[in-house]
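The form predicted alone is given below as one chain in structure tokens.
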């Protein structure tokens, strides 16, 4: 594919937020590896096979912009902390119920000594049949917020150092052909008193980046976030709406020229949505945002759902979107350019 040619996508492109349920056999393979019963070569082969499988599953369902399902990542912060010098793990901490998180601690100067995800992206780009994929990176504010700081003067200094590392990673991905990268910042509004400087931190990631950059913020205070829409240096803002019953959709009118990644599938509910509900949500969003500025996606990652339910939810999302494309085609809308 010519790296410089325009990439055409159908109006209302469908995509995912990032994660997808791991195949049962991959979970068993990881367990065998941790027990020392198979080696790293076998584990890597299983990861590659899993990526190929879930990418193809997304494509068969009809997703226009697939991801690798984050098959290699157990947890979004832990994965990056393990690969950045200066982090240390003391052990898991309970986050809710019986769920545990291996919370990292910063114990020394943090450094990016080599690429973190470039090989993952290159494999994803090799196995997809689509012209563009979405690749996800955990953002600097969330990594800082979900870590113990035992080295830097304060959280701002730590987050800024992480932002520099993430920026290096994104620029290397750009150099290797990435066209669409999403920065995940679920923690962005969890401390309202920090949002003022946190927005500057997440903007540091965009320096020297010329490809499409999305910012994903889920289960957050969108009223607070909307005050900073005009300061965000991102092409797209991916937000969750299905889980909140599509309340707060009117904040979309404050987006100005930023695209919206519209969350229309509730990933915390195993009931499969009705197509009509998804259609109505998209139609309502189009009252505030031009159709060519809307991408359609689930609220968040799908990894916690049973695989069959995740697939069926995506089928509903794609089917509802395609019906609306037919309506939009009659009004002269057919495709967009990435």
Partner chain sequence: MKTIRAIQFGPMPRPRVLAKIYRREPADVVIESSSDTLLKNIGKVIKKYIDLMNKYGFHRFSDGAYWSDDILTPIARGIDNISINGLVRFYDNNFFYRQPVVEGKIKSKTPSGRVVANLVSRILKSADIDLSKNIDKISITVPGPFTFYYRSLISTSYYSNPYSFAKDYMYNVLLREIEYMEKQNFRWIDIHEPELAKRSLDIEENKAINLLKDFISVLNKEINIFIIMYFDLNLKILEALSRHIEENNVYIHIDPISKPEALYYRKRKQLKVTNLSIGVFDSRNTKLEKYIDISRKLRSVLNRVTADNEIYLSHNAPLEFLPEVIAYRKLRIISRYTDKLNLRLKNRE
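Predicted model, so just to flag it, every value in this text is computed and none were measured. Numbering follows the first chain given and starts at 1.
What follows is about the form predicted together with its partner chain, which we do not show.
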### Task
Answer for residue 197 alone: is it within 4.5 Å of its partner chain in the model of the complex, judged on heavy atom distances?
no
### Message
Using a 4.5 angstroms cut-off on non-hydrogen atoms, would residue 150 count as touching its partner chain in the model of the complex?
### Response
yes
### Message
Would you classify residue 93 as touching its partner chain in the model of the complex, given a 4.5 Å non-hydrogen atom cut-off?
### Response
yes
### Query
Should residue 105 be classed as touching its partner chain in the model of the complex when contacts are defined as heavy atoms within 4.5 Å?
yes
### Task
Could you tell me which one of 191, 233, 207, 244 places a heavy atom within 4.5 Å of its partner chain in the model of the complex?
191
### Task
Identify which of 228, 121, 180, 146 has a heavy atom within 4.5 Å of its partner chain in the model of the complex; exactly one of them does.
146
### Query
Just one of 158-166, 79-87, 128-136, 183-191 has heavy atoms within 4.5 Å of its partner chain in the model of the complex; which?
183-191
